[in-house]
Structure formats: C-alpha cells, structure tokens
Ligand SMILES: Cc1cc2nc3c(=O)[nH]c(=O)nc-3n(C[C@H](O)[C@H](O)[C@H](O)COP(=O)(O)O)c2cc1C
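The form predicted alone is given below as one chain in structure tokens.
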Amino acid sequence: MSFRGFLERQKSGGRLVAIDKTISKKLEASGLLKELDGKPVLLDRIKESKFRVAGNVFSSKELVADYFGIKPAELIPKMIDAIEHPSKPNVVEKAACQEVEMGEVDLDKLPILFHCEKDGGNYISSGVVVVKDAEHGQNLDFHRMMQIGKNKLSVRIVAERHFDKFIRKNRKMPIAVCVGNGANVLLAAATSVALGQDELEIANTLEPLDVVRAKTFDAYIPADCEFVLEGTIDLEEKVNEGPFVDLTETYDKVRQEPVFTVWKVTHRKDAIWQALLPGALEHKLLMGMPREPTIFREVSNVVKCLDVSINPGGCSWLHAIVKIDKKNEDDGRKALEAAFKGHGSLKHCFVVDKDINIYNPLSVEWAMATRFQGDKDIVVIGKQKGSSLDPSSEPDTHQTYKMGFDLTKPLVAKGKNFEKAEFPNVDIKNYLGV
C-alpha cells in the first residue's frame, strides 16, 4: 500500500485530521503536528508551497498494524519473518514517483519544514536514502538533511553505519532521497541488517513492493513514494549541520557534514510531503520498533519471550520492557543479559511477568514497586559504549552505565502473595445506558 493509499484509508475510517486553513511551513506546521501527536494529520494548504503535507501518519503501533491489516501483537513476528526471509521486489518500467519532473531544482518550492526555533534551517526528516556501492550493493537508511541552498542540503551521517562506510570508501556518490513511503519501506530502512543486504527486500516481504530504476544512476527506489530527490553527496565538501532536535527531544550539536547537491526532483501528481516530527511519537516508533525483533530473538534464545516494547518514555531507544513466561528463578536475569545483546544502544531494561501490561507505564511501575528488591534484582552490565543520543553519556566516547531490572515475581512466594486481585467483569452499558 502506498503512503497516500494509507492516508485514504485513515480518511475513510474517520481517523485522519484534515486541516484546510493555510499553514506556514516555518514553525506553525510543526507546532500543529505536535499538538495533534498520535493522530494522522493532513495539511491541505501550505503558505510557501503548492504541495500538501501529511504528518503523524505512523505514530502508533495501532496505525502501523492497520497498514499491514494485522493486530499490534503480530508486528514483531511479522518483522522477524521479513528479516529472516527477504524477497526481491517487483521491478517496473514506469512509476508514480516519476510522473512529474521539476524543471530547475528549487528546494524552496517544497514544504520542507522548519520545526523548532533553534533549528539550523529547514529539515528533511522523513527521507529514506538509497545508495549503491559497487561491492556491497544497495543500502537504505534514514539521514536527516538541513537545507542550505536552492539545490543543496547538509546530510547528517552517523559514524559506522553502512552509508558512512560507503561514502568514506567512495568519497563522492550518487544518492536518491525518497519522501512519502509506506510503513513497509520505513520500517525496513530503520532496520539494522548485514552489510550487503538490500532493505527493499525486507520491505517487500512485509508488504509487496514495486521498485523502479532511479533517473540518474543504477539503483532501485520505491515506485509509489511521493517525492524523489537525486544527486551527489561529496565527502570533500562539508558545512555545518544543525542544531536539530534528536530522538531524546533535546538539541543535537552542530557538526561538519557532507553536502548533498540535488540535480533532479521527481514526484507524483498532486504529491503529498511526509513530515516526520523530530522527537515526536512517529520518530520514536520508527526508530525503536525495528529493534524490538532483535531483542525478542536474543531473549527467545534463553527463555520464553512473549513481547518487547521499546517505549517512548525511554526515548524509544534507551529503555526496553521485556515480557517473559518465567519458568526458572534465573529467567529474569538471563532475559536481561540477552536483551542488551539484542540492542547495543540499550541503557536500562526491565523484565516483567506475563500478567503485566508492558504498554501501560503504571502496570510496569506497579511490578517494580511490588516485585523488585534493589539488593538482588539488579543486573549490572557496567560502563560501556552506549548511544550518542543519550545526553548523559560521556561526550566523546558515549560511555554509559547500563543496568537491568528484574521485575518478575518469585516462582514460590514465601510471604505475601504477589498476584494482583481481579475484580468481576461487568458490562457498564447495563447500568449506565451508554
């Protein structure tokens, strides 16, 4: 399903908030999206551009599950299957994303949002970068891009990612930036895979996908995306990038980053720009959710894992809650140690029993209050490299202190019972007439 196809589904289901009032792409659009965080929004009139803007489109697991036509609990198994069984997408000759070609490239004509007052400029935050290396093939990833001219952007490239390895090897490369993708492409692009694995094959297993050859170089791009920016990125040409809000809702520092020169822009007829609000729920979900399958698989190697949530309260990156079916007294400890193997940036992990709702912070906190003792239920991983997103980590090394919390109850209670009392179920309609 295309990005716009999903928007139509939300509209027909009454879940899309459509705003017809003229909105500025500078600060006003982002403020509105933040106020409506968690609800898909379509901005029909942008003051500075003829194109519409949609945001918060995949801002909950329920929305992502709706895209695939499944229940939220089925997302992790579906993603594991796609990672383990990638399949080649269908190649087409003509594609919607190439229906219209912009004449002279002018990024000012696109509704690239200016999100927060201290930002360094207008930012593309939803762009999926497609790059191809002669030895390792294609790679998909997210890279934020700050507009610095009518046809130039500064690209934040995180060290040690596959794109970083490619650009350091090739120095100058053609790339395509695809904006307005379905959840299959977005999740695949956010998934960490082995070098040489084309993430479009993961996307195709998640949901059948058509791809088309890019206009300016030999790479394949999602055929149904809304916009495609093609050009070259040059490691020898660097400028300041930032400030910009990262996943933790704090400002990242300014860095010298390479310049992306855009030579061609194509788009669908009546194209819709995808806004991805930095630090908001959609950003968190697309970052964190692809790490849940990797944690799930590692934990399942040692105990019976039931579910994993990389929760927004932990910036959807630094914290994870793991639900297990405890069979042995040391299962909680084993699960914690495995979880840190499954996600290298994890800082704190909480393991709970099967009766705890891991999507309800009150339920998890209740487990900590009633089933946890600090002298025996903490697993100290110790000081090691964590995430550059953590403001409290050491500035240069990103060393951080990692701990796990076993919130599971003992298999045999020696004192007070650990079970939460259950009240009878009643149908409130029979009493209130609602």
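So that there is no doubt, residue numbering starts at 1 and follows the sequence shown. Keep in mind that what you see is a predicted model, and the values were worked out from it rather than measured.
Here the subject shifts to the form predicted in complex with this ligand, a form of this protein not shown in this document.
Peer 1: Looking at 333, 115, 343, 283, which has any heavy atom no more than 4.5 Å from this ligand in the model of the complex?
Peer 2: Contact residue from the list: 283.
Peer 1: Of the residues 193, 302, 148, 173, which one places a heavy atom within 4.5 Å of this ligand in the model of the complex?
Peer 2: Checked against the cut-off, the match is 193.
Peer 1: If we take heavy atoms and a 4.5 Å cut-off, which stretch out of 207-215, 151-159, 177-185, 220-228 is in contact with this ligand in the model of the complex?
Peer 2: Heavy-atom contact with the partner occurs in 151-159.
Peer 1: Residue 189 near this ligand in the model of the complex, any heavy atom under 4.5 Å?
Peer 2: Flag for residue 189 set to yes.
Peer 1: Decide whether residue 295 counts as a contact residue for this ligand in the model of the complex under a heavy atom distance cut-off of 4.5 Å.
Peer 2: No, residue 295 sits far enough from this ligand in the model of the complex that none of its heavy atoms falls within 4.5 Å.
Peer 1: In the model of the complex, is there a heavy atom of this ligand that lies within 4.5 Å of any heavy atom of residue 287, even though the partner is absent here?
Peer 2: Output for residue 287 is yes: heavy atoms within 4.5 Å of this ligand.
Peer 1: Considering only heavy atoms, tell me if residue 139 and this ligand come within 4.5 Å of each other in the model of the complex.
Peer 2: Yes, residue 139 lies within 4.5 Å of this ligand in the model of the complex.
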